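Taking the form predicted alone, here's one chain by itself in structure tokens.
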């Protein structure tokens, strides 16, 4: 009886001991493809300090709200956001300046997929977190509403925004009028914002964003500034799209 009991305990413990520390917690069939594509020679760690928030089920696959928070990590140099099962996997990257390493925005999903954020720290290690989002799909292959409207030609690159104070610092929200077409809809070429710099009035960087086709139409970005920057009264928004159109505007409190 003693020998039998001891054998059962060891058998139950064995799977936990054998589990790989690099096993994908989201169990995606495409994780190894993602790792080889984005981090071929780097150390990668799944890290619960990387918070990716999204809906369990996205009702509108063309505008899936996502929030990325890597502030629990020290010295984040760059953040990469990607969706395993999108036809265009890479969504955006951002580099925090004075802003916290946190960003909210909307993206397109072609089908149910993990949405992941990978944060590179000063030691070169990529820390990865993510969440599964279910959707009916089709978000990447449907034409934008803007591409069918003459209005976007008159308002292309128009910037609206707001700055307001919260208990833990300022929040900045910026919206840019742009169709953000993926190029996957018939007869509609890819047309999207590539770079966006958000600076304070003195030219110091708050955040630099490199966007790709899966970012939603008329993108809306929300970022946070830590306490101590409460005097911020206006910000400069500059960027360009893949056709060379310029974005240049001030947003005031």
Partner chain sequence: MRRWLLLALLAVNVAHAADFDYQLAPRQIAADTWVVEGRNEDFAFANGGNIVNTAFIVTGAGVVVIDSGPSRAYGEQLRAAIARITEQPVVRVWNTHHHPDHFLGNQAFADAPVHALPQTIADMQQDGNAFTENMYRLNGDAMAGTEMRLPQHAANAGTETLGSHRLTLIALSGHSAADLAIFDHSTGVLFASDLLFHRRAPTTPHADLRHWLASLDVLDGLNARVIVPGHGPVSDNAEPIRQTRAWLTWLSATFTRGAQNGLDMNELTDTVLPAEHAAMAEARAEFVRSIAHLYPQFELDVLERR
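Positions refer to the first chain, counted from 1. Worth saying up front: this structure is predicted, and the values here are computed from it rather than measured.
The discussion below concerns the form predicted together with its partner chain, not included here.
Going by heavy atom distances of 4.5 angstroms or less, which of 28, 222, 195, 205 would be at the interface with its partner chain in the predicted complex?
Filtering the options by heavy-atom distance leaves 222.
Tell me which of 92-100, 77-85, 162-170, 118-126 has residues with heavy atoms within 4.5 angstroms of its partner chain in the predicted complex?
Within 4.5 Å of the partner lies stretch 162-170.
Quick one: does residue 32 come within 4.5 Å of its partner chain in the predicted complex, counting heavy atoms only?
Output for residue 32 is no: heavy atoms all beyond 4.5 Å of its partner chain.
Contact between residue 66 and its partner chain in the predicted complex at 4.5 Å, heavy atoms?
Yes, residue 66 lies within 4.5 Å of its partner chain in the predicted complex.
Could you confirm whether residue 104 comes within 4.5 Å of its partner chain in the predicted complex, counting heavy atoms only?
Output for residue 104 is yes: heavy atoms within 4.5 Å of its partner chain.
In the predicted complex, does residue 53 come within 4.5 Å of its partner chain, counting heavy atoms only?
The answer is yes: residue 53 has a heavy atom within 4.5 Å of its partner chain.
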